[in-house]
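Single chain ahead, written as structure tokens, the form predicted on its own.
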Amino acid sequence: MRTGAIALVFGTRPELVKLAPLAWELGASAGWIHTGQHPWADLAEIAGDLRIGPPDRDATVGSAPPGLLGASVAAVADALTELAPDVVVVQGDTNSTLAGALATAKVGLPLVHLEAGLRAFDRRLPEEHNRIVVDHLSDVLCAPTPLAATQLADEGIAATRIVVTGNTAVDAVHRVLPDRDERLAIRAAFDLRADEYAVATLHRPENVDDGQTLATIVEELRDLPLPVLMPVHPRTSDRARRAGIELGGGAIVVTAPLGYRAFIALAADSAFLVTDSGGVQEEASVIGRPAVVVRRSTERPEVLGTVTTRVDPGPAIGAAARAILADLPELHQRLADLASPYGGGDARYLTVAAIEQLIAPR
């Protein structure tokens, strides 16, 4: 394939992580378009961990609603016209994903959706709207699991457009996870001992936009009987400041957002995770660590009851955490022996094969 033949549209950390394995496989054929949903300055360290250079095209439009989506669609369409790829790939369910899909339709190019078919069946989630629209616009839908493929078929999407590829999050974890010695050094920087701390990540509007909900979650984390390392997402920091909530104290050890390599290292050696992130649920299944998922619903049911426990904000967080600690060595062993439902680390090869078939001369 020629240079820049495959446009990878991204705007956030999870998209960068999950598109990077495609770039490793595609080489010069991959061309990156950055929407600016997360500023490049906030993503550069993660890109370095993933051995990804700066984007080829910048489609940043600022952050002034209500016209942001329309402006982003126009900016991505302009970038696609300049790059002139043969096909466009978007990932996940962010506003950048939706903008990339709409821009691709506007320009008239084939669209591939990575991580297609996820459904929480919860229309209160803005991500759910994005997933559905993008799936129905896409020419090739790369479903991470058979369940996701079934959900696409249930919505009337033709089987010829669906391929089960696994999730490239597995590929990323396998490539980036540091060895034992480097993980020891990373833990030492935070004065943490393996299996004797938790890692918590929070960023979803349902948890951080309401001050009382955020305060309740923070109190539960403060009261846990082991250190809780909390890399603070910019959205969470902003909402806590507005609500007058101190994020530290008690068991919580607050830190700035981590690079991908450091985060995966710390997660892999933790006792357990507390999160509202979809990607962290997948990563937990790869590194064999249990996760308490603070969500009203989840689009990743494949790991519920094995790797993850879903709870509402409140005392259920502490109860779930203490249940994990009561069975920790045995639980870690069970998860170490459990294969991730998101594949074995070959999603990038299957996805590239589907892309090549899409653009092959007929």
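Start at 1 and count along the sequence shown; that's the residue number. Only a predicted model underlies this, so the values are computations on that prediction, with no experimental measurement involved.
Keep in mind that the form predicted together with a small molecule is missing from the display, and what follows is about it.
Asker: Using heavy atoms and a 4.5 Å limit, would one call L258 a contact residue for the small molecule in the predicted bound form?
Answerer: Flag for L258 set to yes.
Asker: For V17, is any heavy atom within 4.5 Å of the small molecule in the predicted bound form, or not?
Answerer: Yes, V17 is a contact residue.
Asker: Whether G166 contacts the small molecule in the predicted bound form should be assessed with a 4.5 Å heavy atom distance threshold; does it?
Answerer: Because no heavy atom of G166 falls inside 4.5 Å of the small molecule in the predicted bound form, the answer is no.
Asker: Wondering, does F263 line up within 4.5 Å of the small molecule in the predicted bound form on heavy atoms?
Answerer: The answer is yes: F263 has a heavy atom within 4.5 Å of the small molecule.
Asker: Sort through 158-166, 285-293, 76-84, 270-278 and report the only stretch with a non-hydrogen atom within 4.5 Å of the small molecule in the predicted bound form.
Answerer: So the stretch in question is 270-278.
Asker: Consider the chain as shown here, without its partner, and state which of K106, R119, H136, H233 has a heavy atom within 4.5 Å of the small molecule in the predicted bound form.
Answerer: Exactly one listed residue reaches within 4.5 Å, namely H233.
Asker: Note which of R183, R175, R222, H203 lies within 4.5 Å of the small molecule in the predicted bound form, where distance is taken over heavy atoms; exactly one does.
Answerer: Spelling it out, the residue with a heavy atom inside the cut-off is H203.
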